[in-house]
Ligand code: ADP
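Take a look at this single chain in structure tokens; it is the form predicted alone.
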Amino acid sequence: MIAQQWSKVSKELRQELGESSYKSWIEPLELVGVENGIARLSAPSRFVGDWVKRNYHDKIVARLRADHADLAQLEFSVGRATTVSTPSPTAEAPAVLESAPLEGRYTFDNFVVGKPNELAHAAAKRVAEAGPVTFNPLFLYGGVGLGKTHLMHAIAHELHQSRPDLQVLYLSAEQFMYRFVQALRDRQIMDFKNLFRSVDVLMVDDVQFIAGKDSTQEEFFHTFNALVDQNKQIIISADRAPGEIKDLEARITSRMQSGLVVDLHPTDYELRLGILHRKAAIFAETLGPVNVGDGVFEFLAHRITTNVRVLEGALQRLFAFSNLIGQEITLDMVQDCLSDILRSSERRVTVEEIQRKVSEHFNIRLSDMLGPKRARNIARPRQIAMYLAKELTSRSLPEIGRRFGGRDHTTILYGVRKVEEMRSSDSQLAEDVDLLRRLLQS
């Protein structure tokens, strides 16, 4: 009986509200029961329930009174919105939050912390505590596979567990743009504005995709301002710093830089090694225990350097292969099983290219870098070049030394270690190193 009543009401509302609004707000609802003048409905999220109650309460009550004369109000039992599902470009998609699970693996417990990402991790944990908003927005940036999306999902997971009352919306910038365009097309722009400006925490991934999209940037800017004015938390990620995103409006860049901007640096050897050990324990739980030979983790951490996803995929392939054939993972197996990954991960940057790029960056002569001068303005760039040569090429320390004017390998090692130590304390040096790395790898 209840199902039939709700079906009838839904059809009437569909005709009155139109297909878009119906799919967005009415179709996700279910009538649970009517008792003591109260109609109880279930909604996919508290946000949807609140929206319907605020905008369609009287319309629903009026139609339900045909069967329940004493009906006076609506109440909702709800779940929580977690993310926005990716709509098919050709599908008719609702312009609202759709409940869908976040990636279960992307939690703080599964995030391996090292020097390159410790600040980003600490900032993400602080935001996930849902205390007073201390920096807004939190802007995370870095290359592919360095953990930006992992931290975004981890924040959402933590917030849902500790503060289920908060409305947390996670979506990509591309999805934001799609929904904005759809709202314009369907003349539902006020619904769109109210939807995105009523959340407690807005998380936008890969914000560089709105660059050059004037109308989308305009709406994003006003959404950003509205939430900040309400002291609502905003978390944004991108593949580069705000000031480096081409065709992003200056006012948006300024707004993004007004909070905490954190760089997830490329992984170092120790962090990659830690990730491999952590992932191996996880894979062992799902694929079964596997024996890993000496030197395998060290070899992978040395050879696959730019992308954690590739590193994880390589290890998963090895575990699956070893499990299927019942053999230990050895260095020979790694060479055979991962030949394609290892070829694509070969370091193609030359020592000479690094020396030229570093000399240009610090405006010193290449002959001075390779010569005996020890002045600080020469010695520091020389050490940075040594560090990058060690990180970005497969040359041994003696080989690198020969290309730096015949220096001993211990001198190269000292320079590498000096830069590693200073990166954590000298922010300018760290920025120089990261910029040079990106230029050399681009």
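Keep in mind it's a predicted model, so treat the numbers as computed, not measured. In case it trips you up, residue 1 is the first one in the sequence shown, and so on.
The same protein has a further form, the form predicted in complex with this ligand, not shown here; the description that follows concerns it.
4.5 Å heavy atom contact, residue 259 to this ligand in the predicted complex: Because no heavy atom of residue 259 falls inside 4.5 Å of this ligand in the predicted complex, the answer is no.
I'd like to know whether residue 300 contacts this ligand in the predicted complex, with contact meaning heavy atoms within 4.5 angstroms. Flag for residue 300 set to no.
Though only this chain appears here, would residue 226 touch this ligand in the predicted complex if you measure heavy atom gaps against 4.5 Å? Looking in the predicted complex, residue contacts with this ligand do not include residue 226, since no heavy atom lies within 4.5 Å.
Would residue 362 count as touching this ligand in the predicted complex under a 4.5 Å heavy atom rule? No.
Choose one stretch from 272-280, 175-183, 191-199, 364-372: the one whose residues place a heavy atom within 4.5 angstroms of this ligand in the predicted complex. This holds for exactly one stretch, 272-280.
Go through 122, 72, 144, 342 and name the one with a heavy atom inside 4.5 Å of this ligand in the predicted complex. Selected option: 144.
Please identify the residue among 321, 76, 106, 209 with any heavy atom within 4.5 Å of this ligand in the predicted complex. Partner contact (heavy atom, 4.5 Å) among the options: 106.
Residues in 153-176 with any heavy atom within 4.5 Å of this ligand in the predicted complex: Residues within 4.5 Å: none.
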